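Given next, in structure tokens, is a single chain: the form predicted on its own.
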Amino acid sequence: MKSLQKYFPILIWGADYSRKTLANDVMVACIVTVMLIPQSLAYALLAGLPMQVGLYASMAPLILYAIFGTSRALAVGPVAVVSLMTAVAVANVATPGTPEYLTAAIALAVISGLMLLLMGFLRLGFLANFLSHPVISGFITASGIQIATGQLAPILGIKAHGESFVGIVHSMLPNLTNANLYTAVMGMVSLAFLFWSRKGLKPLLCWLGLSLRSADLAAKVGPVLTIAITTLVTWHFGLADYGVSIVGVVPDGLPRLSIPGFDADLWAALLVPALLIAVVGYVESVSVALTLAAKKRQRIDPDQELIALGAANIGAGLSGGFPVTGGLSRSVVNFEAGAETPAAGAFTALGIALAALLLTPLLFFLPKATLAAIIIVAVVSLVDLATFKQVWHYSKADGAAMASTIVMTLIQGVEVGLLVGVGVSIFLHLYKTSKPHVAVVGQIPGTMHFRNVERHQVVTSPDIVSLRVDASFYFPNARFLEDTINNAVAANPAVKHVILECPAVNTVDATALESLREINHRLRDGGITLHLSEVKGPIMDQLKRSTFLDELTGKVHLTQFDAVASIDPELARRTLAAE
């Protein structure tokens, strides 16, 4: 039973499901449904897909996540960044607006889902760690800028295209003189109202008598009000005849479940974008899930989240949708509204299904500028340039990785920007660890502690060089360690003993082991004894599987004090007794 519960968390929370929980989850679902419908429509437009595809992508994924997910509050569906990545990936293999484009988007969801499932079963959640916080923050910031810029075109009623911020701006500028006045007014008014409603609607509702919590939740329906009002205005005044671009016919009904055909060439072309979408989507999703779970002291299983997200994406593909992940805004609303179990997501899926059946005819006169305004307001919160200043001040290397991610994403597009950011992070990590901090240490009088001679008043012996290595030994820094020890010995002709203090050494790979052997042999040839101290148990186990300990000219000591005391007991005792 426990093995089933591991892969089907619904068996855990479902066992205690009550009428009260049902009532709470249904109420939450109603609130989230109202918020999710306009987002789903807008993000489908962002992905270059028919609007009903956004609704399709918000049904099966929610139900499947309710079965496999471990978060009680995470709401899965289309999100801005993944929608943009979908548009970029699919545009490389098909022309927007064609059946092939939709087919590619569906295949992308299925491929991403299969990758996530495989990663979950192999417990490869750690791979997401290669996307450092500065890289993912820079990527999301640049993506937010690019998305918002791209949506200025439908706001103004002009054409724009491009896979990067630079490309979009370059294509948009010549068309600015062709802006449609009616569309621009509609878009700008919608944009202004949506920005105001984020902060101004809640106080107004409180002033009208609503409770703080009710006003906070009601304020989330700003996008729905915008859609309703602009649709009515467009219909009443016949603005479509004046050049205002409208949605038109949106097919009603539920998606048909079908298995997408396997096209080897198409799938091969989508493998890398699918992997990037899978990893980025997982990082965003699990970050939101962990944050919300911590507030209620609940537990999240990151590897099971891979499986749940994989199932959600496969479900999206099989039901005619595109890649999805856990969204921050809707998940926060889900949490604040009081969702007690993932069943709230399943009920939300039912609400969206009803909307797909009954409401789509009402969207005929919905201006595309309104959807663009909804997207802009949603992604503005993603842009966080202040973080770059903080990261740069704290770590120039991390700041460089973040800056390169932002710049390359804006210039070359999301895929190149993300890959460059990851590449720069890995390169800088290898560079930093290739030259680890190595300190000459001495004994602090009156204690058994050893500290850096450049930072503390310590006692040393001319016969002993004590070096503390603050990093693991592995191939990038093996040669550096050899050179550091050789230089320390060359600078002190009187030295007879070298002690390597290893409290921070967590790994000694084969290359580093050969370097230790070489160091030991060189010191031995010069009449110098090599000692080790504070070696961790797992490292000792590794060394015992080699012949190094038999060749070592000195000993391995439990502590640095023991090492010095075994060589010069009088100095160690006298220093320990000093005040």
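All figures in this text were calculated on a predicted structure; none of them were measured in a lab. Numbers follow the displayed sequence, beginning with 1.
Another form, the form predicted together with another copy of the chain, is not on view; read the next lines as being about it.
Taking D384, D463, D509, D216 one by one, only a single residue has any non-hydrogen atom within 4.5 Å of another copy of the chain in the predicted complex, and it is D509.
Think of it this way: in the predicted complex, another copy of the chain has a heavy atom of just one of F195, F130, F364, W267 within 4.5 Å, and the residue is F130.
Residues of just one listed stretch (250-258, 181-189, 476-484, 197-205) have heavy atoms within 4.5 Å of another copy of the chain in the predicted complex: 476-484.
When another copy of the chain is considered in the predicted complex, G417 lies well away from it, no heavy atom lying within 4.5 Å. Interface membership of L558, defined by any non-hydrogen atom within 4.5 Å of another copy of the chain in the predicted complex, is confirmed. Using a 4.5 angstroms threshold between heavy atoms, Y431 counts as touching another copy of the chain in the predicted complex.
Another copy of the chain is not drawn, but in the predicted complex it has a heavy atom within 4.5 Å of P503.
Shown here without another copy of the chain, the chain has V391, H393, Y394, S395, D398 in 388-403 lying with a heavy atom within 4.5 Å of that partner in the predicted complex.
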